[in-house]
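Let's start with one chain on its own, the form predicted alone, as structure tokens.
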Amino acid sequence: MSAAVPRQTPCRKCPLKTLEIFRAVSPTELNFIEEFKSGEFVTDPGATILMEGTSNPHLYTVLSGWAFRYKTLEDGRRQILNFVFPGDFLGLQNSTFNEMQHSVEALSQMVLCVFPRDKLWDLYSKHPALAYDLTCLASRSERLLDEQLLTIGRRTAIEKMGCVLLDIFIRARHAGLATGSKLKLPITQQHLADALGLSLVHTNKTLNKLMAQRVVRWKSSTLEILDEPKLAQISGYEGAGPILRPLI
């Protein structure tokens, strides 16, 4: 179930603004973002936020919660493209192609900041710096998909597992979700299998191999990174580092 709620979080008091990963906007841009935002939307776990092949009149910034982007084949097989964290922007593809080319499903309860898509041109025409920020967000999404394609196509199973666990952990840490080396996950091994193109059995065996090497621990829906440098070495994970990101 999903429901619209009255605006509860003024943009100037957004809790994400305190995170070091997001760069500041000017007072004028902040005023525009507050006018652009039409409200907030609350979703339950399992809710479809955006659906492949449909058009949605809204754009969203994730204020809290987890989700994943995915595509499906006619027989129901699913490929998870990447995972979604607070601060991520959803629906821009809909503005370019008039319909979504992938779906987005909530993994946990989420709060989404809602922006009307038909007012997007005001952003481009009146605030070119914010328009550039949208280009940066689109480029970042492209980079994440490039890395996912490399992982699925060329990395070994243990490299795949190491890369996806590190990517999830590091992105979650930037979003303020991790506590030290631990991260509470709404993600199951089936989600990992669908992200990596592995069977559930192979996913479980590969995860156990990493745990046997004492680089990660997965217990009671909690991921713990025991040796981050060694996990990065095993998986060949390079990452992009903590680059400042726009927040709209």
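Small disclaimer: the values here were computed from a predicted structure and weren't measured. Start at 1 and count along the sequence shown; that's the residue number.
We do not show the form predicted together with the DNA, though everything after this point is about it.
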The DNA in the model of the complex reached by all of P45, S64 and K71, non-hydrogen atom within 4.5 Å: no
Partner-facing stretch of 201 to 209, 30 to 38, 175 to 183, 55 to 63, counted where any non-hydrogen atom is within 4.5 angstroms of the DNA in the model of the complex: 201 to 209
Candidate from A138, L145, A129, A157 lying within 4.5 Å of the DNA in the model of the complex - any heavy atom: A157
Heavy atom of K219 within 4.5 Å of the DNA in the model of the complex: yes
Distance check, Q190 to the DNA in the model of the complex, heavy atom within 4.5 Å: yes
